[in-house]
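Given next, in C-alpha coordinates, is a single chain: the form predicted on its own.
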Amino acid sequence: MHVGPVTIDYDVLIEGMKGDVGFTSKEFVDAFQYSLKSLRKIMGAQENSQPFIIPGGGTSAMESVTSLLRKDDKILVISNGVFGDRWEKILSRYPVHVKTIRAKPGDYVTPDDIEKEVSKEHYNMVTMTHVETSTGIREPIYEVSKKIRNYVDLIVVDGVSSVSAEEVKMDNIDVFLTASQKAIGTPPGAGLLVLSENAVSRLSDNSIAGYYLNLKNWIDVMKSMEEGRAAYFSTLPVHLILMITKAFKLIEKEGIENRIRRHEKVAAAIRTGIEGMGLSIVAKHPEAYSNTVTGVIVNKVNPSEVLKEIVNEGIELAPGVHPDLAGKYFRIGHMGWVNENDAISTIAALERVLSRLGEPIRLGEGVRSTQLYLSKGNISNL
(Lines give C-alpha, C1' and ligand atoms only; values in the text may rest on other atoms or scores of the structure.)
Protein backbone atom coordinates (compact mmCIF):
# COMPACT_ATOMS: atom_id res chain seq x y z
CA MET A 1 0.00 0.00 0.00
CA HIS A 2 2.83 2.34 -0.98
CA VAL A 3 2.34 5.47 -3.09
CA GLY A 4 4.57 3.94 -5.79
CA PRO A 5 6.02 1.75 -7.01
CA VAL A 6 2.84 -0.17 -6.35
CA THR A 7 2.29 -3.89 -6.03
CA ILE A 8 2.29 -5.40 -9.53
CA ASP A 9 -0.10 -7.99 -10.94
CA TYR A 10 1.74 -11.25 -11.61
CA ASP A 11 0.40 -11.46 -15.18
CA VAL A 12 1.97 -8.04 -15.79
CA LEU A 13 5.30 -9.10 -14.32
CA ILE A 14 5.43 -12.28 -16.39
CA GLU A 15 5.19 -10.26 -19.61
CA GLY A 16 8.61 -8.81 -18.85
CA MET A 17 10.27 -12.21 -18.40
CA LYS A 18 11.41 -12.64 -21.98
CA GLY A 19 15.04 -13.02 -22.89
CA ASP A 20 15.41 -11.78 -26.43
CA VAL A 21 12.86 -9.20 -27.59
CA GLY A 22 14.55 -6.62 -29.79
CA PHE A 23 13.39 -3.02 -30.08
CA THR A 24 12.82 -3.49 -33.83
CA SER A 25 11.07 -6.87 -33.50
CA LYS A 26 7.46 -7.25 -34.57
CA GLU A 27 6.54 -8.36 -31.05
CA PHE A 28 7.84 -5.13 -29.56
CA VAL A 29 6.51 -2.84 -32.29
CA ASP A 30 3.04 -4.40 -31.94
CA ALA A 31 3.17 -3.96 -28.17
CA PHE A 32 4.33 -0.36 -28.44
CA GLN A 33 1.64 0.43 -31.00
CA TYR A 34 -1.03 -0.98 -28.69
CA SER A 35 0.32 0.94 -25.70
CA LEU A 36 0.38 4.27 -27.54
CA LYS A 37 -3.19 3.85 -28.73
CA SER A 38 -4.30 2.74 -25.25
CA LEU A 39 -2.59 5.70 -23.62
CA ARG A 40 -4.55 8.09 -25.79
CA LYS A 41 -7.80 6.40 -24.71
CA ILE A 42 -6.94 6.35 -21.01
CA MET A 43 -6.06 10.04 -21.17
CA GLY A 44 -9.43 10.84 -22.76
CA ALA A 45 -7.62 12.52 -25.64
CA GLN A 46 -8.64 13.33 -29.20
CA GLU A 47 -7.38 11.26 -32.13
CA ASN A 48 -5.27 14.19 -33.33
CA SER A 49 -3.33 14.20 -30.05
CA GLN A 50 0.14 12.66 -29.81
CA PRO A 51 1.01 10.04 -27.17
CA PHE A 52 4.59 9.52 -25.97
CA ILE A 53 6.20 6.79 -23.87
CA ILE A 54 9.75 7.75 -23.00
CA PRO A 55 12.41 6.34 -20.66
CA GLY A 56 12.65 7.65 -17.13
CA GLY A 57 9.55 8.29 -15.07
CA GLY A 58 7.21 11.05 -13.98
CA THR A 59 10.03 13.52 -13.56
CA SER A 60 11.39 12.83 -17.05
CA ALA A 61 7.91 13.41 -18.44
CA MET A 62 7.73 16.68 -16.50
CA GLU A 63 11.11 17.89 -17.73
CA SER A 64 10.28 16.93 -21.31
CA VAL A 65 7.65 19.68 -21.23
CA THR A 66 10.54 22.12 -21.73
CA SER A 67 10.28 20.98 -25.36
CA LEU A 68 7.30 23.36 -25.62
CA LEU A 69 9.01 26.40 -24.13
CA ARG A 70 11.17 29.14 -25.56
CA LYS A 71 13.61 31.49 -23.91
CA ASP A 72 11.94 34.08 -21.65
CA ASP A 73 8.57 32.35 -21.65
CA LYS A 74 6.49 32.91 -18.52
CA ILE A 75 5.21 29.94 -16.52
CA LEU A 76 2.77 29.88 -13.62
CA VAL A 77 3.21 26.89 -11.30
CA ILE A 78 0.25 25.83 -9.18
CA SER A 79 1.60 23.92 -6.18
CA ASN A 80 -0.28 22.01 -3.50
CA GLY A 81 2.84 20.35 -2.09
CA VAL A 82 6.21 18.76 -2.76
CA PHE A 83 5.54 17.57 -6.30
CA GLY A 84 3.90 20.83 -7.31
CA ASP A 85 7.12 22.46 -6.13
CA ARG A 86 9.04 20.07 -8.37
CA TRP A 87 7.71 21.96 -11.39
CA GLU A 88 9.40 25.08 -10.03
CA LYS A 89 12.66 23.24 -9.37
CA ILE A 90 12.73 21.82 -12.90
CA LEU A 91 11.75 24.93 -14.80
CA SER A 92 13.98 27.25 -12.76
CA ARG A 93 16.99 25.49 -14.32
CA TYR A 94 16.03 26.95 -17.71
CA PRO A 95 16.03 30.50 -19.15
CA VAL A 96 12.35 31.14 -18.42
CA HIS A 97 10.41 33.15 -15.84
CA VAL A 98 8.62 31.09 -13.19
CA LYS A 99 6.04 32.23 -10.65
CA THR A 100 4.54 29.84 -8.11
CA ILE A 101 1.24 29.99 -6.22
CA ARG A 102 1.31 27.67 -3.20
CA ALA A 103 -1.39 26.24 -0.99
CA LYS A 104 -0.90 25.41 2.68
CA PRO A 105 -0.48 21.70 3.51
CA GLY A 106 -3.80 19.91 3.18
CA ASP A 107 -5.31 22.65 1.07
CA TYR A 108 -5.36 23.47 -2.65
CA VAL A 109 -5.06 26.58 -4.79
CA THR A 110 -8.58 27.57 -5.79
CA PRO A 111 -9.72 28.00 -9.39
CA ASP A 112 -10.66 31.60 -8.64
CA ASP A 113 -7.18 32.42 -7.35
CA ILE A 114 -5.62 30.92 -10.46
CA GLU A 115 -7.99 32.78 -12.78
CA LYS A 116 -7.25 36.01 -10.93
CA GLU A 117 -3.52 35.60 -11.49
CA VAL A 118 -3.63 34.74 -15.20
CA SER A 119 -6.08 37.56 -15.90
CA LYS A 120 -3.49 40.06 -14.61
CA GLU A 121 -0.52 38.82 -16.64
CA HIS A 122 -0.03 36.66 -19.71
CA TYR A 123 1.54 33.27 -19.08
CA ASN A 124 2.78 30.97 -21.82
CA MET A 125 2.21 27.92 -19.63
CA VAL A 126 0.37 26.96 -16.46
CA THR A 127 1.32 23.73 -14.69
CA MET A 128 -0.89 21.87 -12.22
CA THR A 129 -0.69 18.65 -10.24
CA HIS A 130 -3.87 16.59 -10.47
CA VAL A 131 -3.19 14.57 -7.31
CA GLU A 132 -0.45 15.91 -5.04
CA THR A 133 1.29 12.74 -3.87
CA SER A 134 2.78 14.37 -0.79
CA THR A 135 -0.61 15.20 0.73
CA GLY A 136 -3.27 13.28 -1.22
CA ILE A 137 -4.90 16.52 -2.41
CA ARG A 138 -6.79 16.53 -5.72
CA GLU A 139 -6.83 19.83 -7.60
CA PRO A 140 -10.09 20.63 -9.50
CA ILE A 141 -8.16 20.78 -12.77
CA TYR A 142 -11.19 20.74 -15.07
CA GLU A 143 -12.76 23.74 -13.40
CA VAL A 144 -9.41 25.51 -13.51
CA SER A 145 -8.67 24.68 -17.14
CA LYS A 146 -12.10 25.88 -18.22
CA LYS A 147 -11.63 29.19 -16.40
CA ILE A 148 -8.13 29.93 -17.72
CA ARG A 149 -8.23 28.42 -21.22
CA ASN A 150 -8.57 31.77 -22.97
CA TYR A 151 -5.82 33.41 -20.93
CA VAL A 152 -2.85 31.06 -21.43
CA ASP A 153 -1.09 29.31 -24.31
CA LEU A 154 -0.52 25.91 -22.71
CA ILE A 155 -2.11 24.06 -19.79
CA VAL A 156 -0.03 21.18 -18.43
CA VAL A 157 -1.19 18.61 -15.86
CA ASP A 158 0.95 16.23 -13.83
CA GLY A 159 -1.22 13.13 -13.55
CA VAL A 160 1.48 10.88 -12.09
CA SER A 161 -0.77 9.86 -9.18
CA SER A 162 -4.10 10.09 -10.97
CA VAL A 163 -4.08 8.51 -14.44
CA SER A 164 -6.17 5.30 -14.56
CA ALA A 165 -7.56 5.93 -11.05
CA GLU A 166 -9.22 9.35 -11.41
CA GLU A 167 -11.35 10.74 -14.19
CA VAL A 168 -8.92 11.94 -16.84
CA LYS A 169 -9.86 13.90 -19.94
CA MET A 170 -7.88 16.34 -22.04
CA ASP A 171 -10.64 18.86 -22.59
CA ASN A 172 -8.95 22.28 -22.46
CA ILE A 173 -5.66 20.63 -21.44
CA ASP A 174 -2.57 20.56 -23.66
CA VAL A 175 -0.32 18.07 -21.86
CA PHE A 176 -1.35 15.28 -19.50
CA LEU A 177 1.49 13.16 -18.14
CA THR A 178 2.02 10.21 -15.82
CA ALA A 179 4.49 7.49 -14.83
CA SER A 180 4.48 3.72 -15.20
CA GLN A 181 4.78 2.81 -11.50
CA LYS A 182 1.63 4.41 -10.13
CA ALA A 183 -2.04 3.64 -10.86
CA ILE A 184 -1.24 2.02 -14.22
CA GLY A 185 0.37 -0.68 -12.09
CA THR A 186 3.70 -1.54 -13.73
CA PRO A 187 7.35 -1.18 -12.62
CA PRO A 188 9.06 2.23 -12.71
CA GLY A 189 11.06 3.32 -15.72
CA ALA A 190 8.77 5.14 -18.16
CA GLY A 191 7.22 8.56 -18.49
CA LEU A 192 3.93 8.61 -20.37
CA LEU A 193 2.33 11.74 -21.77
CA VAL A 194 -0.12 12.95 -24.38
CA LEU A 195 0.16 16.26 -26.21
CA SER A 196 -2.75 18.11 -27.77
CA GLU A 197 -2.51 19.33 -31.35
CA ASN A 198 -1.84 22.79 -29.93
CA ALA A 199 1.07 21.46 -27.88
CA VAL A 200 2.56 19.52 -30.80
CA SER A 201 2.58 22.71 -32.85
CA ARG A 202 4.94 24.23 -30.24
CA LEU A 203 7.68 21.65 -30.83
CA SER A 204 10.54 23.37 -32.62
CA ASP A 205 14.30 23.71 -32.82
CA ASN A 206 13.93 26.97 -30.89
CA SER A 207 12.82 25.30 -27.68
CA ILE A 208 14.93 25.43 -24.52
CA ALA A 209 14.93 21.63 -24.21
CA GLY A 210 18.11 19.59 -24.17
CA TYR A 211 18.65 16.43 -26.19
CA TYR A 212 17.45 13.25 -24.49
CA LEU A 213 14.15 14.63 -23.17
CA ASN A 214 13.42 16.80 -26.20
CA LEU A 215 10.09 15.52 -27.50
CA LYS A 216 10.93 16.79 -30.97
CA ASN A 217 13.57 14.02 -31.07
CA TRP A 218 11.02 11.41 -30.00
CA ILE A 219 7.92 12.36 -31.98
CA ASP A 220 8.88 10.61 -35.23
CA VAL A 221 9.57 7.42 -33.27
CA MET A 222 6.13 7.60 -31.66
CA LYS A 223 4.36 8.25 -34.95
CA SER A 224 6.23 5.48 -36.72
CA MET A 225 5.63 2.94 -33.95
CA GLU A 226 1.92 3.74 -33.85
CA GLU A 227 1.81 3.03 -37.57
CA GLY A 228 3.48 -0.34 -36.94
CA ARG A 229 6.96 0.54 -38.21
CA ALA A 230 10.09 0.21 -36.08
CA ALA A 231 12.00 3.41 -35.41
CA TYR A 232 14.90 4.55 -33.24
CA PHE A 233 16.11 7.62 -31.42
CA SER A 234 17.38 6.07 -28.19
CA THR A 235 16.77 2.64 -26.68
CA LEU A 236 13.32 2.28 -25.19
CA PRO A 237 12.64 0.19 -22.04
CA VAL A 238 11.58 -2.84 -24.07
CA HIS A 239 10.54 -5.23 -21.32
CA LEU A 240 8.80 -2.52 -19.33
CA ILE A 241 6.73 -1.61 -22.38
CA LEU A 242 5.71 -5.26 -22.75
CA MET A 243 4.46 -5.06 -19.16
CA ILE A 244 2.71 -1.75 -19.82
CA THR A 245 0.95 -3.36 -22.78
CA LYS A 246 -0.32 -6.17 -20.55
CA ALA A 247 -1.46 -3.66 -17.93
CA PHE A 248 -3.35 -1.69 -20.57
CA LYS A 249 -5.04 -4.89 -21.73
CA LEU A 250 -6.13 -5.63 -18.16
CA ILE A 251 -7.37 -2.05 -17.79
CA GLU A 252 -9.33 -2.40 -21.01
CA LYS A 253 -10.83 -5.67 -19.76
CA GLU A 254 -11.86 -4.11 -16.45
CA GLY A 255 -13.12 -0.95 -18.13
CA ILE A 256 -11.68 2.45 -17.24
CA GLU A 257 -14.93 3.59 -15.61
CA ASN A 258 -15.04 0.45 -13.46
CA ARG A 259 -11.39 0.91 -12.56
CA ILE A 260 -11.99 4.48 -11.41
CA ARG A 261 -15.00 3.38 -9.33
CA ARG A 262 -12.93 0.62 -7.72
CA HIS A 263 -10.25 3.10 -6.73
CA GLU A 264 -12.86 5.51 -5.41
CA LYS A 265 -14.47 2.77 -3.30
CA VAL A 266 -11.22 1.47 -1.82
CA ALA A 267 -10.04 5.02 -1.06
CA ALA A 268 -13.30 5.93 0.66
CA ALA A 269 -13.26 2.69 2.66
CA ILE A 270 -9.74 3.42 3.93
CA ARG A 271 -10.58 7.01 4.86
CA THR A 272 -13.72 5.82 6.65
CA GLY A 273 -11.59 3.39 8.64
CA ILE A 274 -9.02 6.05 9.51
CA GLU A 275 -11.69 8.40 10.77
CA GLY A 276 -13.49 5.53 12.52
CA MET A 277 -10.45 4.81 14.67
CA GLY A 278 -10.26 8.51 15.57
CA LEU A 279 -7.45 9.82 13.36
CA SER A 280 -7.44 12.79 10.98
CA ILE A 281 -6.64 13.03 7.29
CA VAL A 282 -4.20 15.56 5.86
CA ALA A 283 -6.64 16.70 3.14
CA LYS A 284 -8.89 19.31 4.74
CA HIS A 285 -11.71 19.34 2.21
CA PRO A 286 -13.71 16.24 1.16
CA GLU A 287 -14.03 17.52 -2.42
CA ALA A 288 -10.24 17.34 -2.63
CA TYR A 289 -9.89 13.73 -1.42
CA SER A 290 -8.06 11.66 -4.00
CA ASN A 291 -8.65 8.09 -5.14
CA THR A 292 -4.98 7.19 -4.84
CA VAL A 293 -3.27 8.66 -1.75
CA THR A 294 -4.37 9.42 1.81
CA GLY A 295 -2.19 11.26 4.31
CA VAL A 296 -2.84 10.22 7.93
CA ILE A 297 -1.99 12.50 10.88
CA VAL A 298 -0.86 10.90 14.14
CA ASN A 299 -1.03 12.66 17.50
CA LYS A 300 1.44 10.83 19.74
CA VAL A 301 3.54 8.21 17.98
CA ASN A 302 6.43 8.69 15.60
CA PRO A 303 5.15 7.96 12.07
CA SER A 304 8.45 6.34 11.12
CA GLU A 305 7.86 3.78 13.88
CA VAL A 306 4.43 3.05 12.44
CA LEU A 307 5.98 2.33 9.04
CA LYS A 308 8.66 0.14 10.59
CA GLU A 309 6.20 -1.91 12.66
CA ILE A 310 3.51 -2.37 10.02
CA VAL A 311 6.00 -3.98 7.64
CA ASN A 312 6.09 -6.83 10.17
CA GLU A 313 2.34 -7.17 9.59
CA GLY A 314 2.96 -7.67 5.87
CA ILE A 315 1.95 -4.20 4.72
CA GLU A 316 4.16 -1.37 3.47
CA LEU A 317 3.04 2.24 3.73
CA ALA A 318 4.81 5.44 2.69
CA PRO A 319 6.47 8.14 4.78
CA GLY A 320 5.23 11.70 4.84
CA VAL A 321 7.42 13.95 2.71
CA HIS A 322 5.89 17.41 3.09
CA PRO A 323 8.45 19.43 5.10
CA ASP A 324 5.78 21.46 6.90
CA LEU A 325 4.26 18.24 8.25
CA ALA A 326 7.52 16.46 9.08
CA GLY A 327 7.11 13.93 11.88
CA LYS A 328 3.34 14.33 11.93
CA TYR A 329 1.98 11.99 9.25
CA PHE A 330 2.39 8.99 6.98
CA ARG A 331 0.76 8.10 3.68
CA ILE A 332 -1.35 5.21 2.45
CA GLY A 333 -1.22 4.48 -1.27
CA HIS A 334 -4.32 2.84 -2.72
CA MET A 335 -3.80 2.58 -6.44
CA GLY A 336 -3.18 0.06 -9.18
CA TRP A 337 -4.53 -3.41 -8.48
CA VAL A 338 -5.91 -2.69 -4.99
CA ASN A 339 -9.21 -4.20 -3.85
CA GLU A 340 -11.62 -4.15 -0.90
CA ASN A 341 -9.69 -6.79 1.02
CA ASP A 342 -6.57 -4.61 0.82
CA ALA A 343 -8.54 -1.83 2.51
CA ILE A 344 -9.64 -4.13 5.35
CA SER A 345 -6.15 -5.56 5.82
CA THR A 346 -4.57 -2.12 5.92
CA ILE A 347 -6.97 -0.72 8.53
CA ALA A 348 -6.77 -3.87 10.67
CA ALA A 349 -2.97 -3.87 10.66
CA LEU A 350 -2.85 -0.14 11.38
CA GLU A 351 -5.11 -0.54 14.40
CA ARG A 352 -2.92 -3.26 15.86
CA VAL A 353 0.30 -1.33 15.27
CA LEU A 354 -0.99 2.01 16.51
CA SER A 355 -2.46 0.42 19.61
CA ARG A 356 0.83 -1.32 20.45
CA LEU A 357 2.79 1.90 19.94
CA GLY A 358 0.48 3.86 22.24
CA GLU A 359 -1.45 6.04 19.80
CA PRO A 360 -4.87 6.84 21.31
CA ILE A 361 -7.34 5.23 18.89
CA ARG A 362 -10.73 3.55 19.07
CA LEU A 363 -9.46 0.01 18.66
CA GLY A 364 -11.75 -2.05 16.42
CA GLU A 365 -13.83 0.90 15.26
CA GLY A 366 -11.68 1.45 12.18
CA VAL A 367 -12.25 -2.07 10.89
CA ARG A 368 -15.93 -1.87 11.81
CA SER A 369 -16.36 1.41 9.96
CA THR A 370 -14.58 0.07 6.90
CA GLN A 371 -16.63 -3.13 6.87
CA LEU A 372 -19.88 -1.20 7.24
CA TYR A 373 -18.90 1.13 4.40
CA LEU A 374 -18.01 -1.74 2.08
CA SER A 375 -21.10 -3.77 2.95
CA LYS A 376 -23.56 -0.89 2.66
CA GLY A 377 -21.81 1.41 0.24
CA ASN A 378 -22.13 4.53 2.37
CA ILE A 379 -21.84 4.47 6.14
CA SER A 380 -23.73 7.74 6.52
CA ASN A 381 -26.91 5.97 5.43
CA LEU A 382 -26.78 3.44 8.28
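Not measured: the values here are computed from a predicted model. Throughout, we count residues from 1 along the sequence that is shown.
Absent from the display: the form predicted in complex with another copy of the chain. The rest refers to it.
Contact annotation: residue 358 falls outside 4.5 Å of another copy of the chain in the model of the complex, judged by heavy atom distances.
Although the partner is absent here, residue 239 sits close enough that one of its heavy atoms falls within 4.5 Å of another copy of the chain in the model of the complex.
Under a 4.5 angstroms non-hydrogen atom cutoff, another copy of the chain in the model of the complex has residue 187 among its neighbouring residues. Looking at residue 325, you'd find every heavy atom of it more than 4.5 angstroms from another copy of the chain in the model of the complex. Partner proximity in the model of the complex, defined as non-hydrogen atoms within 4.5 angstroms of another copy of the chain, places exactly one of 299 to 307, 93 to 101, 194 to 202, 138 to 146 at the interface: 93 to 101. Although another copy of the chain is not shown here, in the model of the complex the stretch 331 to 357 places heavy atoms of 340, 341, 344, 345, 348, 349, 351, 352 within 4.5 Å of it, in sequence order.
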